[in-house]
Each structure stands twice: as structure tokens, then as C-alpha cells.
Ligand code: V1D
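Read the single chain below, which is given as C-alpha cells and is the form predicted alone.
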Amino acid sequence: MTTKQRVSYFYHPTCPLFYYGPSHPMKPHRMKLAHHLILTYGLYKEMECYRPHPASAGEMTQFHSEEYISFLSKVSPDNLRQFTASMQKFNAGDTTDCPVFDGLYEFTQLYTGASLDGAVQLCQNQTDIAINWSGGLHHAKKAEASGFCYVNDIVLAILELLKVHARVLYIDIDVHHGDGVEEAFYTTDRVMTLSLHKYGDFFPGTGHISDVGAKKGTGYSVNAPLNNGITDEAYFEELFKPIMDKIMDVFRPGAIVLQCGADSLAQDRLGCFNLTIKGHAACVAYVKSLGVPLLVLGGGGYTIRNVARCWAYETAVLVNKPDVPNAIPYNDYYEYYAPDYELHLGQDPTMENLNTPKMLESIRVDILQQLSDLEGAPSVGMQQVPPLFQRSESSDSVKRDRKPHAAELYDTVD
């Protein structure tokens, strides 16, 4: 791209304050750590910064069932006994990995609203890249919570993008398979899903290479199932780049949604890959270089200091500042980065890469053949575009100045 890409950044100061519980690995607090790094590195000066609107029930039911969203809006830790049957039905509560915590529905509204706002801006050509690190909750189903995810903001954002774009590509570099998004679009050729993930005795247990879609969507679900310990070069050079080159050739998406789950990094609490932050970010840089309207989302990531490092650096990549200093600038959460206080993360030297060159070649060849068998980019007939969500300027979406004073942004955080 010869012209500088416009970048929008969506952050709500309330979102990191929610708490899944003391023993739960999902910590929304990681968003605050990432946000403070973005501020102290001065990256906010390169973006338009927005406070997103809370998504309404009507927006959420564009994908989710009304009964499920009604349940999320009513259930709380104080009234659990009234919802025993519903919690079983919708896979929520203390016996699942999706607990009911204070403010659960508000939390889903905020991270979902941010993804929708980003999608709307892309549809209206108000930005080239939209970032929402609070989003990317890819496991949620139409009427079921799953894998720490309650509302699937990704599916809702893709549905919004489909109002304007004939084809949308979804890319998932989380260590877990993006099953909720794949399932939602399994039978359509207008959305292609690409997921590189750990497969075999690992949540959610889906994403075999033979899972390629069904009916009209046959061939449009792309899965790269991997073993423990994959490294930067194997991940990016052997798989990600050649597969993406082929996808762009045969699918030609009008917009891309990139889920940047940081649990694929080395040393993640729940992950089992061995990627460095630079290796993870290489995927982000490649997708950015394509010059296609891009929605960038968070996702998994359970060693929170490393999640913050990763998303801050990937923000730097997205605003063309990849050479930010490795020494982390002083901020409110500086001690989280002890003992080295450095941005970049090395590989785990004790982890063995169980992905052999022969296995990686087999995956690459199978996927490239799958893509070659497609008849070319599908098209849709001319029709009236559905209206974009209408929002009042007064309270729903608060726009920041292009280059606000740092103190003003800090005021929004605490």
C-alpha cells in the first residue's frame, strides 16, 4: 500500500473491570494492561480512538436466539436458582467453563458493540483497519455459551460486513479452533474461515483438515490442525503465508476479520504452541499488507502480561511503528513485566516441536488442493443493501479527537 492506512481503535474503560472468578483463567484485566502499553508507547497518536456503544439485544439476536440473549440479560449470581434449567440448556454456570458473574450481560454488550462499531466503520469507508482487542470470542454458538465465550461478536461483525461486501474472509490464529464462527458459516460460500490450531485431545476438539464445509459452503472452511510446539518459521512460512496467498487468489475477499488469540504464544497458561510475539505479529503484518478492509480482534490469551505485550506490539505493527523500543516504558502495570521489563518474548527452549516437516507439507498440500478445487470467487446478485445499524451521536458512540492529549485517555481508563 502506498497510502497510509487509517486505523480506528475501540476501547471501553469498563470492559477490563469484569471478573470471571478467582480460579478462572480468563482475565478481562489483560485489556487494561494492553491499553496502558498502547498509551505509553504513544501509539494512540497514530489512531482514531473511540469508546464503543453497548450492543443492544436486537443487535445480538441478528445471530443468537432471542431466548438465549434474554437469559444472558436476566441471569446474575444472585438469582441462579431461578435459572437452573436454563443454565443447563445454555451451558452456563459454575459446572461449566462459562460462569455467571456480576455484569455478565454488560460485558457482552461492550465487547460486541466494539466489534460492530468497527465493522460499521469499515462498511462506511470511515477507516481501513479497525481494532477491538476486547472482541474475538469465537466459541459462542447461536444458543449456547462455550469456551469462556457468551456472545459471538465475530459472527455479528461478519454479518454486518456482508451487508456491503460480497465475500468476507475470517482468519483465526488462536491456539483453539474457531468452531463457533466456522459453524455459523459452514454452509455458505460468502464467508471463508481459516483456522490454524492445536488438534487432538484439546478444546474444542473440532477442526480436522477434512472439515471443509457443507452444501454451498463446501471447500470454504479451511482447517490446519497442528501439534504441540510449532515455531514461528514453521507456522508462518510453511503454512500461513502459502495458504493465504492461495486464498487471496481464489476467494478475493472484500473484507477480512482477523482473530489474534494470544494463547498461541510460547509460555501461555493454556496454550501449547511456541510462537514468539514477532512470529505471531508476522501474520498480522501480512494481512495488513494486503490492503483489504480489516477488522482486528483479540481472543484467547491466559498469561496476561504476554497477551498485553502481544496486542500492544501488533497495534504498533498496524500503525506502521514496528520498531517500538523493546524496553517497556514505565506505566501503571510496569511490575507485571518483571524481571526483564521487555516487550518481546522468546521461545520456550524446552518445548519440542512435534510438527514434522513431512506433516506440515501434507497439511499445506491438502489445503492448497482444497482451495484449487474451488471454482473461483463466488458472486452475489445485485440487491438492496440492508441498512447499517443507526446510532445517535450523542451518547451511543463517543468519538475521541484524532490525537487527544495522553492525560485525557488516561482519564478514561480508571
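Position 1 is the first residue in the sequence shown; the rest follow in order. Predicted, not measured: the structure shown is a model, and the values here were computed from it.
Note that the form predicted together with this ligand isn't included here; everything after this is about it.
- Message: Each of Asp97, Asp263 and Gly300 within 4.5 Å of this ligand in the predicted bound form, by any heavy atom, yes or no?
- Response: Checked in the predicted bound form: all three residues contact this ligand.
- Message: Among the candidate stretches 170-178, 248-256, 279-287, 213-221, which one is within 4.5 Å of this ligand in the predicted bound form when only heavy atoms are counted?
- Response: Checking each option against the 4.5 Å cut-off leaves 170-178.
- Could you tell me which one of Phe90, Phe148, Phe240, Phe185 places a heavy atom within 4.5 Å of this ligand in the predicted bound form? Answer to the contact question: Phe148.
- Have a look at Tyr105, Phe71, Tyr337, Phe203 for me and say which one sits with a heavy atom within 4.5 Å of this ligand in the predicted bound form. Filtering the options by heavy-atom distance leaves Phe203.
- Task: Consider Leu270 of the chain shown here, and say whether it contacts this ligand in the predicted bound form, taking contact as heavy atoms within 4.5 Å.
- Result: Yes, contact at 4.5 Å.
- With the cut-off set at 4.5 Å between non-hydrogen atoms, does Gly113 touch this ligand in the predicted bound form? No - in the predicted bound form, heavy atoms of Gly113 and this ligand never come within 4.5 Å of each other.
- Partner proximity in the predicted bound form: Pro25 to this ligand, non-hydrogen atom cutoff 4.5 Å: Flag for Pro25 set to yes.
- Message: Residue-level question: is Leu318 within 4.5 Å of this ligand in the predicted bound form, judged on heavy atoms?
- Response: No, no contact at 4.5 Å.
- in the predicted bound form, which residues of 127-146 put a heavy atom within 4.5 Å of this ligand? The stretch 127-146, when checked against this ligand in the predicted bound form, contributes Gly136, Leu137, His138, His139 at the 4.5 Å heavy-atom cut-off.
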